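Shown next as structure tokens: one chain only, the form predicted alone.
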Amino acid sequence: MKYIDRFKAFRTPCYYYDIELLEKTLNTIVKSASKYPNFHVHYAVKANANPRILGLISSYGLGADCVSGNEVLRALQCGFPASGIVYAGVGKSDREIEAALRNDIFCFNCESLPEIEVINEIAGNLGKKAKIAIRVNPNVDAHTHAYITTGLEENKFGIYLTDLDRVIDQAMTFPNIEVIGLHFHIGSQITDLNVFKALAERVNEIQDSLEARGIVLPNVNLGGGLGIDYNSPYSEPVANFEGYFDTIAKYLRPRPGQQVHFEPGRSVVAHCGDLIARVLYVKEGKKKFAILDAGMSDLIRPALYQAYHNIENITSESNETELYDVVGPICESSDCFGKDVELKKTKRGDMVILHSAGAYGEVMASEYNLRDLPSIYYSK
């Protein structure tokens, strides 16, 4: 494998970022989206907030999608213009709202009427007018894991369709609020482009209904959600952005002059980041356990929502393979990266890669069990 001798010098566990792959991904995004002059891409900072990664993404002209006040500040520090920052989240605090207003961000994606009321009050106190998009829960099934589905009526996100007219009408009466758009996000790790077709068609229906009432807004934001192939990280290292944008362009009917916004996260950074670990012990009993120096404190996705990562022993010289439960050192039974994983015959000291960990990996790492945070390395 490329760079394997370099990997051996790394302090593990660590995250390793392939900067060349990230650049290739960003070039693909820009090229695919630029076919449609009214398309605007905002990177979802929650996927990976590493400053060097953010700095590179901002240099390609993308905006930022933030879900906390600190993400807004980090985005600004890393070169994203305030005019390209959208701020979502069901529980924005007064302090976070005030900071975003003071920095004149492009738009708040609002998820409830009480939130809009608070933003109106704070904006008034600051002598500002807050631009908002109303997040609509479109009741579209993303066909993904229940923990990362956000567009069904049982989810906590967005305004229900039955309440939309009332919320828009009231929001438009607030003196310090300017309603500039609608916002949608139905879930994450969506690999079936027909889901985005269904979303576009639902957005068309909603906008038709609003237009019949004389309401036409200048922006519509379809969120993110494009998935990646976790099973075969080498076969499709860049997600299908061309198909994604083309599908939206084919089925969405924007109003004249309307700007269309997107918020990809995972699909931008997942494949460019890997978690590298060493085998501490191989424990044998009824099962074989490959015990790594990396645990759920370094990569929580498998423990949190049974996420799959392709796991590879990159230093074993054996031609034999065996089945292992790949586990970490954390004092939790859920600290398991995979059961019955087929690896080359594994021994103490071998190096193991957990692929496609660039999204929701480093950014969710913790010091649980008072462990050190993972080290960080880059390809260049």
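Worth saying up front: this structure is predicted, and the values here are computed from it rather than measured. So that there is no doubt, residue numbering starts at 1 and follows the sequence shown.
From this point on, the text means the form predicted together with a small molecule, which you will not see here.
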Please determine, with the chain shown alone, which of 200-208, 288-296, 163-171, 264-272 has non-hydrogen atoms within 4.5 Å of the small molecule in the model of the complex.
-> 264-272
Is the small molecule close enough to Arg301, His309 and Glu362 in the model of the complex that each of the three has a heavy atom within 4.5 Å of it?
-> no
Taking 4.5 angstroms as the cut-off for heavy atoms, does Gly225 touch the small molecule in the model of the complex?
-> yes
Is Ala44 close enough to the small molecule in the model of the complex to count, meaning some heavy atom within 4.5 Å?
-> yes
Decide whether Ser188 counts as a contact residue for the small molecule in the model of the complex under a heavy atom distance cut-off of 4.5 Å.
-> yes
Touches the small molecule in the model of the complex: Arg135 (any heavy atom, 4.5 Å) | yes
